[in-house]
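One chain comes next, on its own, written as structure tokens: the form predicted on its own.
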Amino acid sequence: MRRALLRLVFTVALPALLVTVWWVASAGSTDVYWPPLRTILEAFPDVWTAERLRGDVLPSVLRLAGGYALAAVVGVALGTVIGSYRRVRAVCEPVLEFLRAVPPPVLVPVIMLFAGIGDTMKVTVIAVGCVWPVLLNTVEGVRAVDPVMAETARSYGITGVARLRNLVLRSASPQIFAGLRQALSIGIILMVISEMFAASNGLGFTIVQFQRGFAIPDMWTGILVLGLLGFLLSVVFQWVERRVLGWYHGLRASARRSP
């Protein structure tokens, strides 16, 4: 209980300190582009009504979820295949390194040519950017499977789907989740960028419209919504990670306690 309370204090302390510094630093601001935090917070409930949340935030979250899920499935599947077979890895590695080096925002105009300007384009942009950390971490996780455990599984006749589920994916799951964590932050960035191109709703579209209309306090409220969304998604991800990797965290805790 004490440890959980300390963790909560440390989690809240830094954001509270940053908000306090922002409040004090901007209190006397007369710059139109840097309004006082009080002005931004006063505008927040008027801007982000239930209707706007349904019309802008919900579509953004759905696009992010679609692209992120697609990237997770493709990244884990391809990463498992590439990591399991040395020849496949030797052939694919140069191509993967080349494609990974291409910034996903640069591909937005290209993807628009093939996928149009609808939700398909936005989901595709998110998926293309998120797939790389998942894929590369999965490859490394599969390659790092303990050879002793692999030989033991072979000796006991554990092959096929059972070997994949109980040995390969379980052993690689800590690194897979590391890739998924990286992909989540990338996905949020690409969600906003994709909605700045030929969109009619979404957080990115709304923030740009506020900026173009010189509604600067409203624009800042949109940035705050993005920050809150990222924080909530991070909390949800950590909760899922603790549930799925409970065995892994238990092993690490036991190793730390042992002399």
Partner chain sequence: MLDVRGLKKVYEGSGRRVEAVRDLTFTVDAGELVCLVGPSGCGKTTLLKCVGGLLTPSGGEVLLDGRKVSGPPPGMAFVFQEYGRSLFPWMRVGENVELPLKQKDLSKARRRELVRDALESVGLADAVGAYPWQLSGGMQQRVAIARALAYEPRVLLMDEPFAAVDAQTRADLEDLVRGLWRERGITILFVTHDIDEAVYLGERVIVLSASPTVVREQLKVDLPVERDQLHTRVDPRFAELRTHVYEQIQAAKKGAAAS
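Numbering follows the first chain given and starts at 1. Computed from a predicted model, the values in this text were never measured in an experiment.
Unshown form predicted together with its partner chain; subsequent notes refer to it.
Remark: none of the three candidate residues (23, 230 and 233) comes within 4.5 Å of its partner chain in the model of the complex, counting heavy atoms only. Put simply, of 95, 106, 90, 162 only one has a heavy atom within 4.5 Å of its partner chain in the model of the complex, and it is 162. This chain is drawn without its partner chain; in the model of the complex, the residue among 77, 178, 158, 112 with a heavy atom within 4.5 Å of it is 158. Just one listed stretch, out of 98 to 106, 68 to 76, 130 to 138, 143 to 151, contacts its partner chain in the model of the complex at the 4.5 Å heavy atom level, and that stretch is 143 to 151.
Proximity of residue 250 to its partner chain in the model of the complex: non-hydrogen atoms within 4.5 Å are present.
Using a 4.5 angstroms threshold between heavy atoms, residue 166 counts as touching its partner chain in the model of the complex. Using a 4.5 Å cutoff between non-hydrogen atoms, residue 185 does not count as a contact of its partner chain in the model of the complex. Put simply, residue 120 is far from its partner chain in the model of the complex: not one heavy atom of it is within 4.5 Å. Contacts between 79 to 103 and its partner chain, taken as any heavy atom within 4.5 Å in the model of the complex, involve no residue at all.
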